[in-house]
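In the block that follows, a single chain appears as structure tokens, in the form predicted on its own.
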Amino acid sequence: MNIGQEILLQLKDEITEVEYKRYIKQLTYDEKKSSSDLAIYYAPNALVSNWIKNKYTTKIEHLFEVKTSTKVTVKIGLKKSFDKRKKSTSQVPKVLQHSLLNPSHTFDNFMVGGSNQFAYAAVKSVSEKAGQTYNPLFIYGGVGLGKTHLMQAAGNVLQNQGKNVIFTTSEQFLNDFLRHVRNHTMDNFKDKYRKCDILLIDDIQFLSNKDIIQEEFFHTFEALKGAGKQIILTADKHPKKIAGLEKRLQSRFEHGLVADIQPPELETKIAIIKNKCELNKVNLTPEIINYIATVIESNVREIEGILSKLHAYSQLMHVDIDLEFTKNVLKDQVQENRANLTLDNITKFVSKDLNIKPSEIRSKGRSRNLVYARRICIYLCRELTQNTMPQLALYFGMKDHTAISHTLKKINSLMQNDEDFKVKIEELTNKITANS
């Protein structure tokens, strides 16, 4: 058995049996053309070749390094491609670090709105002038708002320019560090991360309270910054609010540009849903799109999941997607999203938005502004919680459930005849559910 096969058998112990049989087992090692610092494998087709390149080349190189104590470059290609080459193995160009970038993450398919416009402009600028402006660039925001998409969009642009781009998560960075420490190959770890052109690290907050890896990352950061290399980081919160983050790292993160991404406003969510419908070939009416945008949270991944769910239900049950069908399919999901909403939460949110005190909304005041705010609050409490009309009457200090019923009828009438009022209700619903 040659060394190339031995390495693949070692890899077998570290991955699933399905992945080994489907991909790794199909590789053929070229012992003749390989050398002490170059390992050449052939894959049966481009699919297998690209999958292994993107996911396991670095790992295979590491196993070679542990086995031979020599840094080895691994090439994965098709048999025909290598047979056609006339160059000697010593002339095979060194490949760039595989960055696991998703090619579908581009600037063109990122939906820009008021909630993310600043972050988008900053990342776009960095992709055009890497290392020259906004370095580091720190993007923060909640889950599923597009931080990774933006970061990888820049990475794809720069990689297409021939830059050596490394994209990794903080967890992968940590695991890579620990593996090299165990194998006494830290020089190789430093070469990998400190000599790239672009370093993209996702979810940097997970380095919190890990002193040793923060120390290593600090020196990596300093080396790249000093060499004019671009650094882009993402996190779920502002550097100042990441507990357990060293002050010197916090200071350096803030020294560049810090840009946040907020939950998308209603218009942007509608645009996102329309875009996803086109990509996934799902036909929805404007009424259904508006409903989905209003009732779901502001997570783009959740939007994709909902569209897949609707499409699957429609196909399996052989029915068209209409509003009633959509409400029924999303019933459990909507209830789960709103489970944490309380009457107090909604009242406080409405009071803040309309600049009226919560106590005034629940009072018996009859001024025009108070009646307007109270009606909105009652409607939203009825729609967004499981409270009964008698419970609402008690909360708002009204006589009984008939008073609530009368108010709801009035609101429904206003929504049918007053477009501005309807838009206001939809806007508030969107904001409340996005922050629940």
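Residue numbers run from 1 along the displayed sequence. Given the structure is predicted, the values throughout are model-derived calculations rather than measurements.
Heads up, the form predicted together with ligand ADP isn't pictured, but that's what we're talking about next.
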query = For residue 304, is any heavy atom within 4.5 Å of ligand ADP in the predicted bound form, or not?
reply = yes
query = Do residue 230 and ligand ADP come within 4.5 Å of each other in the predicted bound form, heavy atoms counted?
reply = no
query = According to a 4.5 angstroms non-hydrogen atom cut-off, is residue 110 in contact with ligand ADP in the predicted bound form?
reply = yes
query = So in the predicted bound form, does any heavy atom of residue 272 sit within 4.5 Å of ligand ADP?
reply = yes
task = Heavy atoms, 4.5 Å, ligand ADP in the predicted bound form: which of 184 to 192, 209 to 217, 145 to 153, 359 to 367 makes the cut? Say which one.
result = 145 to 153
task = Quick one: from 300, 310, 101, 277, grab the residue that has a heavy atom within 4.5 Å of ligand ADP in the predicted bound form.
result = 300
message = If the C-alpha spacing of residue 54 and residue 169 moves by 3 Å or more in the predicted bound form, is that a move closer or farther apart?
response = farther
query = Since the CA distance of residue 232 and residue 59 differs by 3 Å or more in the predicted bound form, is it closer or farther than in the form displayed?
reply = closer
